[in-house]
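Encoded as structure tokens, the following chain is the form predicted alone, with no partner shown.
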């Protein structure tokens, strides 16, 4: 296992966002995390990446308990992430955004060459000198992927990478993720609402509702689960998804 989440709980005042979430992820495996708004999906990603500390429970990464490690230490161990709302340096160029983790993170011997390779890999080579603030949403998401890859992650956490994209951009980013996963072999956890795109990438999902895991398994089985239908999918969508 590359990741084990054990009885993870998180409270914000009187609100219990996660109520004992447990699951495991194998090397190179892709896991989808779905559920209604407010179910605890982003909280889970923030706990794994170290942005938040759990109220209780443990996070084991490659056999090491990282529950109390800072985000930068987790990044150096091989946990990368993107954000639901992209967090780039808007006043810096595409190239400069990718150079930052190469200078201050992994300290690549030839950072300029590596940055250009990563930019080309995500399809932004022609835009290397363009400021991040002037990129389209799809381009910003690609840039955030390149920046995450600069840290050579063993586990990549993607928080709604398809959100806000039109169907053609969704297809392009989905194909890009497949290509990157095949080339680098990292594990991925994708928090997502665009289910058709998600299910093209993974055969394993967990469904969160009110801070609890109500389903773990194959997407096709998820669409037939009564708890999932009631809490998230709705009868009409679930039946259509099973037929599809």
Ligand SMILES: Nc1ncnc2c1ncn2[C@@H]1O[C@H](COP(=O)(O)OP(=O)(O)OP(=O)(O)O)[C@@H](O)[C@H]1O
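Positions refer to the first chain, counted from 1. Just so it is clear, the structure is predicted and the values come from calculations on it, not from any experiment.
Absent from the display: the form predicted together with the named molecule. The rest refers to it.
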Please tell me whether any heavy atom belonging to residue 42 falls inside 4.5 Å of a heavy atom of the named molecule, as the geometry stands in the predicted complex.
yes
Within a 4.5 Å heavy atom cut-off, is residue 36 in contact with the named molecule in the predicted complex?
yes
Considering non-hydrogen atoms and a 4.5 Å limit, does the named molecule approach residue 21 in the predicted complex?
no
Determine whether any heavy atom of residue 64 comes within 4.5 Å of a heavy atom of the named molecule in the predicted complex, and answer yes or no.
no
Have a look at 42-50, 182-190, 22-30, 215-223 and name the one stretch with heavy atoms inside 4.5 Å of the named molecule in the predicted complex.
42-50
Where, within 135-171, is there a heavy atom within 4.5 Å of the named molecule in the predicted complex? Residue list please.
160
